[in-house]
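Next up is one chain by itself, shown in structure tokens, the form predicted on its own.
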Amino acid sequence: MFGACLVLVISTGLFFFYFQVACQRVLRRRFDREYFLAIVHANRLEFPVVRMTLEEYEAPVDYPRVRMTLKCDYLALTYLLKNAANVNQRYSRDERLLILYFNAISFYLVACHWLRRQEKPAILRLTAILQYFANVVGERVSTIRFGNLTASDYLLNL
């Protein structure tokens, strides 16, 4: 009985470890340029402001506002991932993996808040995932041309 429980605990731990490593590998992807800026400005997303506030100003976390901001940005970006310049209108394998990772980190953020632990690392991970999503959307949109302008050039000129 003890051996079976030990195997279950170790297997679960290894699963979460490999899940996190796979997600970090996807997030390390480098883009040609910062595509996310056009998407952030065009859709009025707020996750860069949240990241900047936490990294540069060392401000205390306003948990309800930050959580709502990140959730709204997540919903907007997942909609855009599925529908903006996506012929199949499906998520890729990497996108589905990061959606699961975002939800797991969101759950971890709630647990950190309840246990009064440090929330900042979880919030920064969530903003990194949102930046990746915005970069993917921006990269897809930048391939579409409207006359002499790409879609991202058009968005920047608004």
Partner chain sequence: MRYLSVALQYGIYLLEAGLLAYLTVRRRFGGLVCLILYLSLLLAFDGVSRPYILYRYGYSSREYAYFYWLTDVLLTLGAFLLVCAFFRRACKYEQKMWHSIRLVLVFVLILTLAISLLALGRNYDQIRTVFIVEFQQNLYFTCLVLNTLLYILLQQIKSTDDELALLVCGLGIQFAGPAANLALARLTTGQGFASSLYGYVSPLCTLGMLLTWFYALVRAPQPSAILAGKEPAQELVAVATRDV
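Just so it is clear, the structure is predicted and the values come from calculations on it, not from any experiment. Numbering follows the first chain given and starts at 1.
What comes next is about the form predicted together with the partner chain, which is not displayed.
Among heavy atoms of Ile144, none comes within 4.5 Å of the partner chain in the predicted bound form.
Looking at Val26, you'd find a heavy atom of it within 4.5 angstroms of the partner chain in the predicted bound form. By the criterion of a heavy atom within 4.5 Å, Arg93 is counted among the residues contacting the partner chain in the predicted bound form. Residues placing heavy atoms within 4.5 Å of the partner chain in the predicted bound form fall in a single listed stretch, namely 93-101, out of 109-117, 32-40, 62-70, 93-101. The putative spot formed by Val7, Ser11 and Phe15 is fully lined by the partner chain in the predicted bound form; each residue has a non-hydrogen atom within 4.5 angstroms of it.
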